[in-house]
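First, one chain by itself: the form predicted on its own, in structure tokens.
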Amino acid sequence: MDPIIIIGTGLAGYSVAREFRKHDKDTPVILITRDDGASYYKPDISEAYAKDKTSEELVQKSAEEMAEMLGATVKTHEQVEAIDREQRQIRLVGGETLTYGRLVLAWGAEPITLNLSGDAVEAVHKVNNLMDYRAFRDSLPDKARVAVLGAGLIGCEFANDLIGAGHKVSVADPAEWPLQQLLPKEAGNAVRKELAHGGVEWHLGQAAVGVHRADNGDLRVELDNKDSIRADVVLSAVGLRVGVKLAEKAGLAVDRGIVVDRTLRTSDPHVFALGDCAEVDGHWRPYVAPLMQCARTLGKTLAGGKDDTPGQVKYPTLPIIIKTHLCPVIVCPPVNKHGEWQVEGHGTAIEARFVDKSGKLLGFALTGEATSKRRDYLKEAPALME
């Protein structure tokens, strides 16, 4: 019996393996990963200081423990070089070839790399996994000056966490307000004000263009308005981009991610994808809740049902909880962009409704004390995919 091969041991890879094992205890499963295969909850990384956890303490199980729990083989520190769909094989760097019955792509997405000038670009950290976080945390002296490039979800969460640990944080972003891609201006400004009260220095409307090393060893982040930020450590958190080259080279359909239908099949019926690398029925949602919906659906599909009919993934109303604890945020992005924000509230308690021309709620954003109204909004908000 040819195995199910899963490329990736992040939350997507391990979750679909767990779900599959609930229905099938016997089919061989092989997971392949570039790193050490440790299981951890990735969202914990951006609030590890608040939870007083080191990178080692974030690990829930080792690769060996996961292999035993799943009755699977976990091949660590391996890189997939090519996918041969005709032969149903993958080739690893080094030449080893593995045959699959079905293949699951769960390799996530990679941080976007800014085009920066300067002699200290190599010193810029990007954190997208536990190894990245370990290197970043080890680089931080006590009461460090940290320049965060990016005022999106990850940048704001790290800023909140780092100031709570006593570091001095500066955040630069060409956007007018924090979380601009998710929140209307009033809600974004509520986050800006509260994090500023906590100690964050904002450089909004300003893009980083270079990172240089000063004579005294400081890092100097050059901004496009000729201002600069002095820092001990620089963290780039400007978003994610799916690496699609391997899938594209194999002839799979790609767009913003690897294109899959609601059964999570790619353009090849024997190849599936989920998580941050997958675009599900036109939706790319690199968040935990959609990923878990996909893992449950795909686990059943891979195991097969009584009639062997694949399941169809559904996305109910899936709010995003942003861990800016100084100003909590819950946002449910609009199901489409044909509407407008209606905002009320004052201070940090902002309620924002995104409605269409008829007044129907398409999405919402809540900040501060207004997050207590989450349940009321969830009852009214539409599902993304029913």
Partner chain sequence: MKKWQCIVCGFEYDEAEGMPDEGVEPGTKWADIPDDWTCPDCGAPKDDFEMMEVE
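Positions refer to the first chain, counted from 1. Computed from a predicted model, the values in this text were never measured in an experiment.
Just so it is clear, the following notes concern the form predicted together with the partner chain, a form of the same protein that is not shown.
Highlighted residues 182, 248 and 256: none comes within 4.5 Å of the partner chain in the predicted bound form, counting any heavy atom. Contact check for residue 313: every heavy atom lies farther than 4.5 Å from the partner chain in the predicted bound form. Among residues of the shown chain, residue 362 is not one whose heavy atoms approach the partner chain to within 4.5 Å in the predicted bound form. Looking at residue 193, you'd find every heavy atom of it more than 4.5 angstroms from the partner chain in the predicted bound form. Contact annotation for residue 236: none of its heavy atoms lies within 4.5 Å of the partner chain in the predicted bound form. Contact with the partner chain in the predicted bound form, defined as any heavy atom within 4.5 Å, is confined among 354 to 362, 319 to 327, 336 to 344, 28 to 36 to 319 to 327. Just one of 293, 129, 170, 228 comes within 4.5 Å of the partner chain in the predicted bound form, counting any heavy atom, and that one is 293. Only one of 288, 83, 109, 98 comes within 4.5 Å of the partner chain in the predicted bound form through a heavy atom, and that residue is 288. With contact defined as any non-hydrogen atom lying within 4.5 angstroms of the partner chain in the predicted bound form, the contacting residues in 8 to 27 are 11, 15, 18, 19, 22, given in sequence order.
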